[in-house]
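Only one chain is given next, in structure tokens, and it is the form predicted alone.
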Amino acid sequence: MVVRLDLDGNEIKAIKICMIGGGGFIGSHLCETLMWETNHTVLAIDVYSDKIDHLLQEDTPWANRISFYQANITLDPRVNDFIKDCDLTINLAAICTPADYNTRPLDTIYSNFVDAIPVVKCCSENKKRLMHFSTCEVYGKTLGSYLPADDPRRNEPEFYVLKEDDSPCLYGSIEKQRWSYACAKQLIERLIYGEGAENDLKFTVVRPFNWIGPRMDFIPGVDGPSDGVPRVLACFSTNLLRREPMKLVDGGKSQRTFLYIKDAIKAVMLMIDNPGRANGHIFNVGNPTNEASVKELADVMTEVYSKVTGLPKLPQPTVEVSSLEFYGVGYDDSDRRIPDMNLIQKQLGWNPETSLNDLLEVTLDYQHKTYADSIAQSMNSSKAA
């Protein structure tokens, strides 16, 4: 493998990485890049390994550089030993599905705050570098959302563009349990920042803005619980695969920006390989040019799915449902999430590259090839019964 250089022209030395949540959506893509493009070693820790099984085969060139440990970080005492044995810990573990925030607020808070505390403390006490994955949801609602609907300031960037070091975190009332996730993520960020300030923890916090791509979430009844409700991409993919209307919660008015997972992994790799530029920072990682309302996302997915499959579009591709009906009592939402990109551009020179149409084409092609047959079989079985 050719010598790799960091952004300052220095040779990148091989390190050992403890990746908690290494078997998930982000972890699987990150493990692929680490194996295919670097000499780094990875200890992947997760409950399941199916998304990285292709990397764990004994006959691969990187077989001695990746190992998988089935472990629950809340119960397995080996996790501390894994952290101590590595140079960098990447914590991807989380409950991060909006459908869970109302129905499982305690699990959400424990998973995203309480269970992460020992990882932070172990890194701090043993002088190990930590890369912690947070969320764009820590910002909550934009300042503009509190202005009257016809106030022209809603269109001024300072009222809706979210900046790592300046934007406040604005949430709904306590009874809106949808914010259990955002609050837990914000509090662990504050703990990490405090460990950095008081105990010299070397850390980087990543705030993903709707990363999308193959292997994201699950398809209910196929590789996940039949009554499960994944995030919007997998929900809409399931509807498309089953040839049924996509459900627009409260009309799909909320706006989001969407980033292709391969672009996101390039940003993460820059953070891994340039600690001098990444340590002590919180980074937005998103694509401001890929903004769409949830309804617009559904419209684009309808067009793209028809293109990649050759199937005709449904006469009624969407149907509106209330948030109460879809998520239950206690749901609330943020209006827009536009990341300010100045910090990551300045520190790491990173910019997203993939358009919304292109990332959806790759993703929906994968979804169709991976799940269409299984969906058809399950639907036929249901009809037969």
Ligand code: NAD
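Numbering starts at 1 and runs along the sequence shown. Remember, predicted model here, so these are calculated numbers, not experimental data.
Keep in mind that the form predicted in complex with the named molecule is not shown, yet the notes after this line are about it.
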Query - Check all three, T103, S180 and L187, heavy atom within 4.5 Å of the named molecule in the predicted bound form - result: no
Report task. Would you point out which of 139 to 147, 89 to 97, 162 to 170, 265 to 273 contains residues with a non-hydrogen atom within 4.5 Å of the named molecule in the predicted bound form? Result -> 89 to 97
Query raised in the report: Within 4.5 Å of the named molecule in the predicted bound form, heavy atoms considered, which of T238, S134, N287, T108?
Result: S134
Query raised in the report: Among the candidate residues M216, I219, V304, C122, which is the single one with a non-hydrogen atom no more than 4.5 Å from the named molecule in the predicted bound form?
Result: M216
Query - Touches the named molecule in the predicted bound form: L191 (any heavy atom, 4.5 Å) - result: no
Query raised in the report: Quick one: does I26 come within 4.5 Å of the named molecule in the predicted bound form, counting heavy atoms only?
Result: yes
Query raised in the report: Is N210 one of the residues lying within 4.5 Å of the named molecule in the predicted bound form, judged by heavy atom distances?
Result: yes
Query - Proximity of R231 to the named molecule in the predicted bound form, heavy atoms at 4.5 Å - result: yes
